[in-house]
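Next up, structure tokens for two forms of one chain, structure 1 and then structure 2.
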Structure 1
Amino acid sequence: MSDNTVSVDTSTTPASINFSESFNVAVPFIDRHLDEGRGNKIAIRVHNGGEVTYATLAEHVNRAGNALIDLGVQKDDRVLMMVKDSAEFFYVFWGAIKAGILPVPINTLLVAKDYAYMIENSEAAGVIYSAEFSGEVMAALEKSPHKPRVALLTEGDGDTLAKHMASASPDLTPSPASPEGDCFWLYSSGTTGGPKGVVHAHKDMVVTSQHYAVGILGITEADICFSAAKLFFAYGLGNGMTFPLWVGAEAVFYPGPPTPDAVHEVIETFKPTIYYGVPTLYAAQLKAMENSEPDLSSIRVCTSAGEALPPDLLKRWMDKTGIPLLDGIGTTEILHIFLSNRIDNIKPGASGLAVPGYEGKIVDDEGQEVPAGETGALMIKGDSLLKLYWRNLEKTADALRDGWMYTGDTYYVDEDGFFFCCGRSDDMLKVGGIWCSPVEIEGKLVEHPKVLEAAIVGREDDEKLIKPEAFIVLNDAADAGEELEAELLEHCKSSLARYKYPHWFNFVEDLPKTATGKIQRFKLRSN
């Protein structure tokens, strides 16, 4: 096999993926499309931002990689990216990889203190950022004791990366790499504490693209992908970038906040065939559709991740749109979805079956696998697991155990092999000596027509015993009050065991979430 190549044998299940010994992943994801005749095909469309062909993408990737080298960024250096969903994100990310530099996409919703921590923690050689985030980035650069040698806007006036790209060579020889070599980082979203640098290898994006995007979604060159989830985190990175690039498809982007109206406008304008969202957004879209009828007919399949998809929300979406909605679970550490429902096999309330190429098991506190129906810790095995947490040997050792990843989620498997989420292991409640899942109670609450979102945490009562406490976002805040509290309690009594009834109701404007839409229950517990 020649250098920088990958072969896939689809006659086996899962598909067998073989890498050349020398392998820089930018070649199959970017350069290959020119060899296969896609140079004039549209790769990227940005809402109100134009379009980019595969040939233009390849040239600008090369220019970006050369510009970083010309600026003094060296092999294996880290370059943090606070970049909006745009063609520039592609240029920086793939240009860095092709040049042997490690790109680190960062959550653009963060503030200066978060960025300062990551700049220092990563010892970044460069920071590339969109103008929209200048205030927080500049403040972070001031705060951080570590000073990157390069800090540039992607484009605009003055000294920008675009200016350096314009004078850089359009040709770039791929930096020598290997399938297992360090390729890029992501920072964990910090559901239970501070972010950790997650180091991924060159092979990992191939694995997720082949096993999930091709194996589960059936993605082809003819598809058009639209991800409401942004590129800066693992779910969006696959949805909007690696999946379409793997098969030569088209990706559509909306750089702003994904409101229901904005999402529906993008769908009607660009006619995507695959739409990737999160439960919160699907709920908001359904609410918006009470007063509008957006044309979603181009979409053949939708996906959901970030938080368990309540069965009632799934039912209402399917009833309203008729479009399959596949719930699944992925993590930053495993890069994308490893448990998923299937287009022709959806089980409400389940995260799904193991994606081909991955194995899942449920274990007890001693690490022993438990029988079907019993809850325990979810362990995952597959070829896209993180290499390590940057400079955190203890967390790495705790997470990676004999080739398996400890996800931190509590699950059970039913008799059909479907995995059901019971919440984060640290979110589980023990009420009256019985383990209680916040997800189950939340799912019941959002079935009520007046409830948009709900989160359950544990709270001590006067006897210092843990009981469920509810934080609720209403469709109409004017409905809040004691009368609705009583109504919701009766609603819960209709199908939940007594120990699962919420003892307190709090009506709030919104719920704290990570960038992937996961509810940060630890923040509610601290209130």
Structure 2
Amino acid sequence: MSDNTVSVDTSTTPASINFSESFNVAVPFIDRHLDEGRGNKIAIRVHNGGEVTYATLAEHVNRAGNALIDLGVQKDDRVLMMVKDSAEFFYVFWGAIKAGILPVPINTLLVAKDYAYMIENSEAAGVIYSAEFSGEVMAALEKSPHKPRVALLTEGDGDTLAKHMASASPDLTPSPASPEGDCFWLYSSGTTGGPKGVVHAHKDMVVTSQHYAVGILGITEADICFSAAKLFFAYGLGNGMTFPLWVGAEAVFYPGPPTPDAVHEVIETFKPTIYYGVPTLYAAQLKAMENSEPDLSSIRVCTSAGEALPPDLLKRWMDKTGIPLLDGIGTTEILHIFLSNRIDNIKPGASGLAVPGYEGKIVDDEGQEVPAGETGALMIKGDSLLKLYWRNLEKTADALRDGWMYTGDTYYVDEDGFFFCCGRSDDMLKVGGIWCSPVEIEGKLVEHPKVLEAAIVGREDDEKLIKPEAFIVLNDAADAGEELEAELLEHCKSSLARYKYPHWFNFVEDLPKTATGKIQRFKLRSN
């Protein structure tokens, strides 16, 4: 096989994927479309932001890769991206990969202390950011003892990546790489300790695109993709970028916050055929549809991931819109969805069947597989699993066991092979599809002078979706009341991402604890 090529044999299930020995994944995802005659086809449309053809995309990817090299970023260096959903996101991500540099898309809802941690932890050589996030990024750069060589706005006034791209060469030879070589990172948070750098290989985006997007969604060049989940999230990265690029389809973007009205407007304007959302947003969209009737008729399939989709919400969506909504579970570590419902086989309340190319099993505490119907730990095998957590041998060894990934989720399988989610085996919460560590929110609350101790647990709201609930022990119980609740909420707002704010406050006398003083959060959960 010639360099940087991949061949797929779809006559088998799962499809068999073969990579050339020398393989830089930017070539099949970007350059291949020019060879296949898609140069003039639209790759990207941005709401109020123009459109980009495959030819322009390829040129700008080359310019971005060259600009990073010209600025002194070297092979295997990390470049953090706090970039909104936009064409620039594609340029930086693929330009870096083509140049042998590792892009690290970062959750843009985070705040300066989170960014400072990641700059330090990754020893980033570069930080590229959209103007919207300047405040938090500048504060993080100030805070971090490690100073990246390059810190640039994507575009705008002054010294920007766009200016460096304009003077950089439009030609770039792909940096030699291999299917198993490091390609990009994502950060994933855990209950304790800082977020962990999840290292993915060049082959991984091919694997998820082929097995899930082609295998389950049946994506083709004719599709138009719209992901309300942002590109920085592994879910959005696949939905909005790698899947359409794999087949030469079109992706549409809305750079702002995905409110129901905004996503409905984007759907009516750009007529996507595949729409990717999260449960919280589907619930909000249904609520908005009580007073409006957006035209969703272009959509042939919707997906939901990030957190469990309550069966009632699924039924209400399908009744109201008639569009199939597929719940599926993915993780940052496995990159995308590995258990999913099918367009013609949906079981409400289930995460679905194993996606061909992945195997799932449920094990007990000893690691032995349990029979159907019994609950245990969900383990997954497949070809897109992380290589490792950056500089974290212990967590890597905990997660990867004999080629299986320990997901941290508790599941059972029914007689039909459908997997059902029963929650986490740790205390982590998923809020609006995004990780929340109770420990982080508790840490913030106890910084407040009136708070002695705090515990955070997940509680279902009216839509059966999880939100943080706080249990608080005060230094002086007489301070309890609405006024203090408001004060504590303001306090959280000062340095926590907004989805981490507690939705309910309970003032209690003490917290349930183990003999060793560890908070027993499970005793506080009401559901």
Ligand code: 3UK
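What you see is a predicted model, and the numbers here were worked out from it, not measured in a lab. Reference numbering: structure 1, starting with residue 1. What we label the rigid core is the largest C-alpha set whose atoms superpose within 1.5 Å from one form to the other.
Is the form predicted together with this ligand structure 1 or structure 2? Pick structure 2 here.
Rigid block check between the two structures (P170, H33): Yes, the superpositions place P170 and H33 in one part.
Give the rotation angle, in whole degrees, of the smaller rigid part relative to the larger one between the two structures, based on C-alpha superpositions. Rotation of the smaller segment between the two structures is 139 degrees.
Fitting the two forms on their rigid core, what distance in Å separates the Cα positions of N506 between the two structures? With the cores aligned, its C-alpha sits 7.4 Å away.
Report, in Å with one decimal, the C-alpha displacement of P468 between the two structures after core superposition. Core-aligned C-alpha shift comes out at 13.5 Å.
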